[in-house]
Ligand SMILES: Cc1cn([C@H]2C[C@H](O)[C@@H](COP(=O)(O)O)O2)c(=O)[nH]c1=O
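One chain comes next, on its own, written as structure tokens: the form predicted alone.
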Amino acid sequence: MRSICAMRSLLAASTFHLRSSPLPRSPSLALPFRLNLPRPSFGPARSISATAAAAKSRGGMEARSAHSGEIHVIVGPMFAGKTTALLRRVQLEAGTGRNVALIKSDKDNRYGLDSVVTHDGTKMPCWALPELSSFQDKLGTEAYDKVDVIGIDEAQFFDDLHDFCCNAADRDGKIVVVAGLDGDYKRNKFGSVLDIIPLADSVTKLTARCELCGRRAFFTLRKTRETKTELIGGADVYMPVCRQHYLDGQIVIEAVQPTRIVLDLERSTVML
């Protein structure tokens, strides 16, 4: 009986000790780059001891092997927040001590060529390139080897997206975060974004708000009669719409002048 009581007392004491232990606090995140830099920054130079300390602070992770890369894909229509999600992910990775780099197509010069910019004005420095295969040469082999995370915005404009992601993740062990349109204004495959889905560790499909009824928007409606697939533009050329207003919009575009599209679609919304 005494041994049973002693055992219960011991268990009670250990339980109290576990419950009263304070929870560990998360370290504050500090980004290793400044948004006003004219060129991309990959963080301050760190000594070998500093690098080891950073690795220890991330939970004692071992050095990244040559085959431990990842690919994460973010897709959706225009104005769905793809670039915002990309920057948030890159900032999160940078906050853990990883070195990051951003790339976008030099075809997209709406907000300048030295930054990836969201529609609400948030921006980060980037490399604007005609093709992804030139990134390592532009950066230099030594600097490329130090990059842990590569973010790619407007990925639909890169024809070599598949090969680059394969090499960066499988061969070089990089974490690659890709953001782009999965479909064009005709709801057809756009570029090579869908080709990397089988390679991806994760795929996130974002939606916007239909500008005409407020429902979830899965598609991008082009407001003009321009038929080429690659047409750079913002709210003056495109709008996110739900399925019904996408179908209605295609009929209106074929029947009326572009300046009347929104008015006619709003009339059709009232009739729904």
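All values derive from a computational prediction rather than experimental measurement. For every residue, the number given is its place in the sequence shown, counted from 1.
The same protein has a further form, the form predicted in complex with this ligand, not shown here; the description that follows concerns it.
Asks: So which of Leu132, Ala168, Ala128, Met78 gets a non-hydrogen atom within 4.5 Å of this ligand in the model of the complex?
Replies: Of the listed residues, the single hit is Met78.
Asks: In the model of the complex, does each residue in the set Phe157, Tyr185 and Ile232 place a non-hydrogen atom within 4.5 angstroms of this ligand?
Replies: Every residue of the spot touches this ligand in the model of the complex.
Asks: Within 4.5 angstroms, counting heavy atoms, which one of the listed stretches 91-99, 149-157, 134-142, 170-178 is next to this ligand in the model of the complex?
Replies: Result for this chain: 149-157.
Asks: Quick check on Ser105: any heavy atom within 4.5 Å of this ligand in the model of the complex?
Replies: No.
Asks: Looking at the partner-bound form in the model of the complex, is Tyr238 within 4.5 Å of this ligand by any heavy atom?
Replies: Looking in the model of the complex, residue contacts with this ligand include Tyr238, since a heavy atom lies within 4.5 Å.
Asks: Within 4.5 Å, heavy atoms only: does Thr83 come near this ligand in the model of the complex?
Replies: Contact with this ligand, yes.
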